[in-house]
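Take a look at the structure tokens below, where one protein chain is shown in two forms, each on its own, as structure 1 and structure 2.
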Structure 1
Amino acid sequence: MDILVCVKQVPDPETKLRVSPSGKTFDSDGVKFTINNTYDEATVEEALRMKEEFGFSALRVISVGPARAEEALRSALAMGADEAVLIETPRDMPLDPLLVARYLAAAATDIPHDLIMVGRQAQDDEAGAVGSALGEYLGLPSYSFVTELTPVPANHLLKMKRYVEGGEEVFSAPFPAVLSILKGSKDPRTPTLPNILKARKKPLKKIPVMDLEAKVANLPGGTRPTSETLAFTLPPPRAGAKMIEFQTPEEAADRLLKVLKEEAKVL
């Protein structure tokens, strides 16, 4: 029984965002990329737990991205994944989340997978669309926003909790399946220095996107993004608060409610 975890390398959340010269994306020049999306780290940790506690055999990680995305994969290997696959894109290849899912699906057909796990969303584009789209392309069920996961491997069943507005649903469903993980049961482990060094020797296979194009072309949507990014904009700085003058708390309350009703129209 094998697990495949999809990871994405994202810019360091502390990065100061700038707009690229094209105006269509953030300027990645000089941006430090973190090793991994935090949601993916939680997912890798949860996958390792599946291996350690429920007898899943191999844990592979896969990413679609430029050459630097190898760092994200190495980091997952250092956490304990066994093998990695990088679907290597040219640096500025236009991608949207569903196209990423199509490439993942195309590659996944050659990689054993009983469970596919993704983080709830990437910290940068926050689309959270890859998991269920991947399920669709592979003809597998998808279960999203999973907050608790207990496999019953003998019956090919997953006992799960998943987030819904205002609560959690408790349910069981079959696998193979694609899961998007909202939170894992443990904090992601920090790879130790010896494991970082060992990860260098674990297999990492690079597949150029071209090699998958024929397969991707057969999926609905094909090899091009179905939407086009027009602009990437940063908000204008806020001007600062309009200070409300008052003598007593009652006066403060009265004046505030008045502007909220009449001026801001939010009450």
Structure 2
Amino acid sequence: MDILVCVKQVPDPETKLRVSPSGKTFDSDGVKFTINNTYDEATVEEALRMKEEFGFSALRVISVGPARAEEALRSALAMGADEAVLIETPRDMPLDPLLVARYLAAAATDIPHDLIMVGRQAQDDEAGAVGSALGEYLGLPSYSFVTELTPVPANHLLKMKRYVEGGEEVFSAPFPAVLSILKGSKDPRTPTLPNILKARKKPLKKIPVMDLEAKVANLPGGTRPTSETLAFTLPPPRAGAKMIEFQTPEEAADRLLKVLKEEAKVL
């Protein structure tokens, strides 16, 4: 049995972004990129756990993006994934979550998989739409907000826990399926230097996005993005701290309350 994990390359949270001249995205020149570590690393770790504990035969990772997205895949390979696939796009090709899902679905039909796993959402756009859309395009059931996962290969079932408002839902479902992982049962492992070096030699197949256009054209929505970004703006700079002078705790509380009401207007 095989697992396919979808990962995304995103700007490093510590990098400083600039708005592009078009105003519809950020300027990627000089930006440091990384694997979507908030959710995708946890998803790869959960897939590795299942391979090690329950005997899944192969773990492959896949991504849609420009040539630099290879580094995100190499990060997953260094963690322990066996193979990688990059659906390589032109650097400035417009993509939205549903179009990404269509390209992933087109490629996945030729990649062995009994289970497809994605991170709950990407830390750049926070859309959280790829998993559900991918299940729809492949005709597979999809489950979101998964927090615990135990496969029962003999019965071809998955025992899962997932977050629901106010609690957890525990249930079983057959696979193949698409899972959006909210968090894993273990923290993601840190790749060792030997594994980082080994990752450079692991198979990484590149598929030009043009090679999948015929398949994608037959899916609802086709080869065009379903949504359009109208404007990209950075948050306003944070104001400096306001110091409150006081003699007694009571005076401090009174002055703070006044600032919150009259200046910050949060009360």
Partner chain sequence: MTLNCLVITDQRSGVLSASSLEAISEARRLVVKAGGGAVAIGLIGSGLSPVVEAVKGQGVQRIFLVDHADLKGFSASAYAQAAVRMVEKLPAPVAVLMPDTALGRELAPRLGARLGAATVTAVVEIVPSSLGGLDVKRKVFGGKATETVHTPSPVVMSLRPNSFAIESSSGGSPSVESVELGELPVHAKGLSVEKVISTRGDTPELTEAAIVVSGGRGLKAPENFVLVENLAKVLGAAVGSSRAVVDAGWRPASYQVGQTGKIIAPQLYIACGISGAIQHLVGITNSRCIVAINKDPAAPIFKIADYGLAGDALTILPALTRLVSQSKGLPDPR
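Heads up, when I say rigid core I mean the largest set of C-alphas that superpose within 1.5 Å between the two forms. Computed from a predicted model, the values in this text were never measured in an experiment. Residues are numbered by position in structure 1's sequence, first residue being 1.
K.L.:
Just one question: which structure is the form predicted on its own?
P.N.:
Comparing the pair, one sees that structure 2 is the form predicted on its own and the remaining one is not.
K.L.:
Quick check on Pro13: with the core superposed, does its CA move 2 angstroms or more between structure 1 and structure 2?
P.N.:
It does not, since the Pro13 C-alpha is displaced less than 2 Å between structure 1 and structure 2 after the core fit.
K.L.:
Align on the rigid core first; then say whether the Cα of Ala214 has moved by at least 2 Å between structure 1 and structure 2.
P.N.:
Shift at Ala214: below 2 Å after core fit.
K.L.:
Is Gly240 displaced by at least 2 Å at its C-alpha between structure 1 and structure 2 when the rigid core is overlaid?
P.N.:
The answer is yes; the displacement is at least 2 Å.
K.L.:
Fit the two forms on their core, then tell me the C-alpha shift of Glu250 between structure 1 and structure 2 in angstrom.
P.N.:
Spelling it out: core superposed, C-alpha of Glu250 shifted, distance 8.8 Å.
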